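In C-alpha cells, one chain follows: the form predicted on its own.
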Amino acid sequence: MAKNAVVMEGIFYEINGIKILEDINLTIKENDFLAIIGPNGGGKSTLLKIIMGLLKPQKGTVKVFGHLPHESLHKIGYLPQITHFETDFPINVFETVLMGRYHGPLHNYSKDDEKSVLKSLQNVNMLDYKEQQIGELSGGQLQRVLIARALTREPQILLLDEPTASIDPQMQKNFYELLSKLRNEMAVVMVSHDIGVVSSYVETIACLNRRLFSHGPVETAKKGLEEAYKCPIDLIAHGIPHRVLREH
C-alpha cells in the first residue's frame, strides 16, 4: 500500500484579508502523478509553496513524508513557473544542473555531486548535451535541463508549476512521457491549465479554485472541473480525441 507523501488538513491561507485557499484537505501518495488544475488566481502556485514551506498557512497542518515541510525540504524537487530565463548567461548544461547540488559558499562540489549531475542528465535524456551552452537549447531541452537540476537533489516528490508554458506543442508529448517515467521513482505534482493533454498522462486530478472541488482519478474529475471553472466541460482521457470546453 502506497504511503502518504503529502497530507494537508484544513488549510486556510489569505493575504490582506483576501482568501487564497480555503479549507484544503489533500493527500498525495508516493509515486502519484497528480495534476492540479484550475483557473488563474485559484491558488495553485500558492499550494505548491505551502507544501515546500515557503508560505505558512494561517490555519491547518501540512506534513511532507510525516514531517513539517521545512524538515523535508531535501526530499522535494521544485521547478517554478518560468516566465524569463537568461539563456545568454555563459554557462553550459552540466554547470547549470550542478547548481542544484549547491551546499553553500564554504563547500566545494564533490565527486558525488558530479555523479548525481550525470545521472540526472541521463534520466532526462540530456547527457549528450552536457557541454552545450544553455543559450543553444530549445525550450523543451532547457526544461529538461531544469528538471535535471531539480533531480540532483534526489527528491521523493517533484513539484512543477506550469512546466509546459514555454515548450513548443510538438515537444510536450515527450515531456509528459518523461514525467510518466519519473513517477516510477517519486511522486510528481504538476500545476497545469492544459486539461485535455494532461488527462491522458496523469493518474489523478485535483480541481482547485480557492477551494478543492474534487481530487481523484481522471475519469471522475469532470464534475469538479465544471464547478472550479464555472462552465461545462467535456473530458475524455487516455488519448481518445476529445473536446475540452463545449459552448456555454
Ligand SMILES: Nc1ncnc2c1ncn2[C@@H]1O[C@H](COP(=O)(O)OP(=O)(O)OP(=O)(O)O)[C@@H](O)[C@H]1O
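Residues carry their position along the shown sequence, with the first being 1. Keep in mind that what you see is a predicted model, and the values were worked out from it rather than measured.
The protein also exists as the form predicted together with the ligand; that form is not presented, and the subsequent description refers to it.
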Site check Ile11, Gly53 and Ser72: each within 4.5 Å of the ligand in the predicted complex by heavy atom: no
Determine which one of 27-35, 178-186, 40-48, 57-65 lies within 4.5 Å of the ligand in the predicted complex, judging by heavy atom distances; exactly one does. 40-48
Against the ligand in the predicted complex, would Asn125 count as a contact residue? Criterion: heavy atoms within 4.5 Å. no
When the contact criterion is heavy atoms within 4.5 Å, does His193 count as touching the ligand in the predicted complex? yes
Is Asn174 close enough to the ligand in the predicted complex to count, meaning some heavy atom within 4.5 Å? no
Contact test in the predicted complex: Gln133 vs the ligand, heavy atoms, 4.5 Å: no
